[in-house]
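A lone chain, given as structure tokens: the form predicted on its own.
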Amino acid sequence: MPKEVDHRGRREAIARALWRVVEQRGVTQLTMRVVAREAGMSLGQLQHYFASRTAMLSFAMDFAAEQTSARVQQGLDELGDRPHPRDVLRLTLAEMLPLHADARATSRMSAAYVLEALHDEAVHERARRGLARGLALVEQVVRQAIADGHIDSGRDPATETHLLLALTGFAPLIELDVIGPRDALAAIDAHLDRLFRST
């Protein structure tokens, strides 16, 4: 009886190999051959799962986003029923920064993906849609917090969402040792304190 192959598992293993290449060697080394070697397979085997570098990178980015969502969901579960929106936003923002190994891999993947998106229309549109979905989710939390009286009703939800997401710009500052993780989290806490000051 032929051995059943876990194709999804193979794709995820390739994605993790790609993350390691980006994290350890940089995006300039991101070729299918290098990723295949890192994944412990031949180039032909890798091409069985991904026909192009772009397809491989897109899957790896989607998988990274799934992992981030899973970590956020786990954090939300730990907060219990009906968590305060301030806690939800802090958790979400913290997971978007390179504060631990998994988030660091995702952060570097995101940077590589943005560079790719600048020169590839298909990747650009895919990345744009993903970021727009993330923005919409954060804005939904902000709008609900305003409706529930946690944030002053005079605040514009779109502007507040943009300001919150701007805090993810700490990622390169942390990566390049300009500021430390504690400094970034302190700034996030200070901003959230001001946003929720009326409650």
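This structure is a prediction, so every number in the text was calculated from the model and none was measured. Residue numbers here begin at 1 and follow the sequence given.
Below, we turn to the form predicted together with another copy of the chain, even though it does not appear here.
If you check another copy of the chain in the predicted bound form, you find no heavy atom from any of Ala13, Leu91 and Glu139 within 4.5 Å. Contact annotation for His124: at least one heavy atom lies within 4.5 Å of another copy of the chain in the predicted bound form. The closest non-hydrogen atom of Ala111 lies within 4.5 Å of another copy of the chain in the predicted bound form. When contacts are judged by a 4.5 Å heavy atom cut-off, Glu116 counts as touching another copy of the chain in the predicted bound form. At the 4.5 Å threshold, heavy atoms of Glu38 stay clear of another copy of the chain in the predicted bound form, well away from it.
Just one listed stretch, out of 140-148, 25-33, 64-72, 41-49, contacts another copy of the chain in the predicted bound form at the 4.5 Å heavy atom level, and that stretch is 25-33.
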